[in-house]
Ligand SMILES: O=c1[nH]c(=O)c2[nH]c(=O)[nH]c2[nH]1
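Just the one chain here, laid out as structure tokens, in the form predicted alone.
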């Protein structure tokens, strides 16, 4: 029996980067978490401890900060492409790179040029993969919490001896959306594309009369693909943030869909992908990313 080294990569995870762009008294904040991973001819370090081909993870960290100084960070997709291409082109042993970036949003406080407030936990994301001269971009959003107080039903499901859930024709539907979309190429107006995809998903969630969270998930992905030709595939992960009607009858009170218990766990987890039937091959776009 032979024992061999399998696929491997290494890098510096979760580098926290904040940049301040100053235009007179008006400042702009970019708040990022950047993770780098490199792969290539790295067998020696695993098998013999020879580090001659290993670009130190500390060097990768320093590169992130230096690149942020040498040129404006700009859109996170462009920044990730610059970093990934640099690592692959500058290190002979490195043939591939994966750059993950989360962008944490800040809003300027009204009337103040250099004071900000964190609006929510929502994060804009990108995952850029470089392999030789090829590049794949998967961008998205995470922790996008949405709720509709009506316009959602759930009924017609199988009943067995363990079923206690009651059917409903009117319920609260709430979820925290993690959405990732695979771009066809890299010639994209990243900011415009992100803004419009996010808007499409929110509008679809609000407008679609939902018979299940699965139906809503598909409708959101379908709407993005119908409107945005630069996108080949959308993957969504949507936990059902359950709101259960509280039984107020012991207190002689009637609860007409007004008072709910918000349960944080356990929760239903709905996941799926929507893609064009003629979508180009995904290549390495999804490698090392969660399935959804």
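Numbering follows the first chain given and starts at 1. In this text the structure is predicted, and so the values were computed from the model without any measurement.
Omitted from view is the form predicted together with the named molecule, to which the following refers.
With the site C-alphas superimposed, the ligand pose in the predicted bound form sets the named molecule onto this chain such that no atom is closer than 2.4 Å to backbone or C-beta atoms; an open site results.
Just one listed stretch, out of 97-105, 193-201, 177-185, 164-172, contacts the named molecule in the predicted bound form at the 4.5 Å heavy atom level, and that stretch is 164-172.
In terms of contact with the named molecule in the predicted bound form, the residue from 135, 220, 213, 144 that brings a heavy atom within 4.5 Å is 213. With the partner removed from view, the residue among 240, 237, 60, 35 that has a non-hydrogen atom within 4.5 Å of the named molecule in the predicted bound form turns out to be 240. Mapping the unseen interface onto this chain, residue 270 counts among the residues with a heavy atom inside 4.5 Å of the named molecule in the predicted bound form.
Though the partner is left out of this view, residue 154 does reach within 4.5 Å of the named molecule in the predicted bound form, counting heavy atoms only. Although the named molecule is not shown here, in the predicted bound form the stretch 36-67 places no heavy atom of any residue within 4.5 Å of it.
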